[in-house]
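Take a look at this single chain in C-alpha cells; it is the form predicted alone.
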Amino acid sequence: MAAMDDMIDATALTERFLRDGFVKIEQAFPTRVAADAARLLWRETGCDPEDPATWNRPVHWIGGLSDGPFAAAPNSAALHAAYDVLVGPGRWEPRYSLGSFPLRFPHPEEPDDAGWHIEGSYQPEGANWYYTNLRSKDRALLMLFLFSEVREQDAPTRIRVGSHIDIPPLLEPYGEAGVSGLRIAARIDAASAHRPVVHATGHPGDVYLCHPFLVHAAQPHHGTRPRFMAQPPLYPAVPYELDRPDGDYSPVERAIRRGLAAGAR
C-alpha cells in the first residue's frame, strides 16, 4: 500500500482490512522518528549496535516507553486517519507511549515462542494469562511498528491472511467473560491453519494495523542485524458493539460479525 497522508482512500483501506485482517501503511511515521526510537531502544538493551559479541540473547523484551519518538510515532496524521476508518471516530484512545517491544537478535539460541496465537488484552483476577472476548475487550487494534529494516531473514512476524474471520466462532461460547488464549491455543491454530502466510516485512516507519483477532506468530532471527519493532494495542474509547440499532459498524465490528455468520453456516 502506498504511503498515506492526511487524505486516505477509506473504501480501499476498509476492503483490504475486511479481506486480509490487516493493512500495511508505508511511512506511517517519519524515518527520523524511527531512527531516534531505535537509538533509545539500543540503550535499553545494554547492547552495542557495533559489537555483535554484546548481543547476548535472542530476544530483549522492553516495556513501555514514552520518550519523544514513542509519543510521536503513533500520532501521525496518516495513522489518526486510519484509526478513524478502522475503529471509528471518537471510538479509540490516543496513545502517547509505546510498549511491548520484542527486539529479536541473531543468536545461536532459538527462543521457544513461535506459536500461532491472537493477543489477549485483559487479565481477570486470579488469571495467569491474558484473556480476550468476542468484543475484544480493551483492544481496538493490534499494531506492529517497525523501527528497523525488516527483511524475510530478520524474524518478521508471520501473519495468517484472513484468519481474523476464523476466531469469532471460537470466542462466542465464552461470552463477555472471555477465555484465556492458552486454553484455546490449539483450536486457534487448527481453525486458521488453512490460511496463506505472509511476513510483516518493511522499512523503518512502516506500520501494520491488524484486527485484534488476526492469528500471527513470531519466528527465529536468521539475518545479521537486529529487528526492532513494537506491537502495542490501540485502546478503545468505547467497547465494540455487535448489535448496533443504527447499523454504524466499524470495519473491526463488521469483520467479527462476518466471522460469526461464517461459523454459523
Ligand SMILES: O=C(O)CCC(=O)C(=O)O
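Keep in mind that what you see is a predicted model, and the values were worked out from it rather than measured. Position 1 is the first residue in the sequence shown; the rest follow in order.
What comes next is about the form predicted in complex with the ligand, which is not displayed.
Inset, instruction - Could you tell me if all three of D113, T157 and R227 have a heavy atom no more than 4.5 Å from the ligand in the predicted complex? - result: Checking in the predicted complex: D113, T157 and R227 are all within 4.5 Å of the ligand.
Legend entry - Partner-proximal stretch of 182 to 190, 78 to 86, 116 to 124, 91 to 99 relative to the ligand in the predicted complex, 4.5 angstroms, heavy atom: Checking each option against the 4.5 Å cut-off leaves 116 to 124.
Inset, instruction - May I ask you to state whether Q27 is within 4.5 Å of the ligand in the predicted complex, using heavy atom distances? - result: Outside the cut-off, so no.
Legend entry - Contact label in the predicted complex: H216 to the ligand, heavy atom within 4.5 Å: Yes, contact at 4.5 Å.
Legend entry - Contact label in the predicted complex: T201 to the ligand, heavy atom within 4.5 Å: No.
Inset, instruction - Indicate whether the ligand has at least one heavy atom within 4.5 Å of a heavy atom of T45 in the predicted complex. - result: Output for T45 is no: heavy atoms all beyond 4.5 Å of the ligand.
Inset, instruction - Could you list the residues in 53 to 78 that come within 4.5 Å of the ligand in the predicted complex, counting only heavy atoms and keeping sequence order? - result: Only a single residue, W61, comes within 4.5 Å of the partner.
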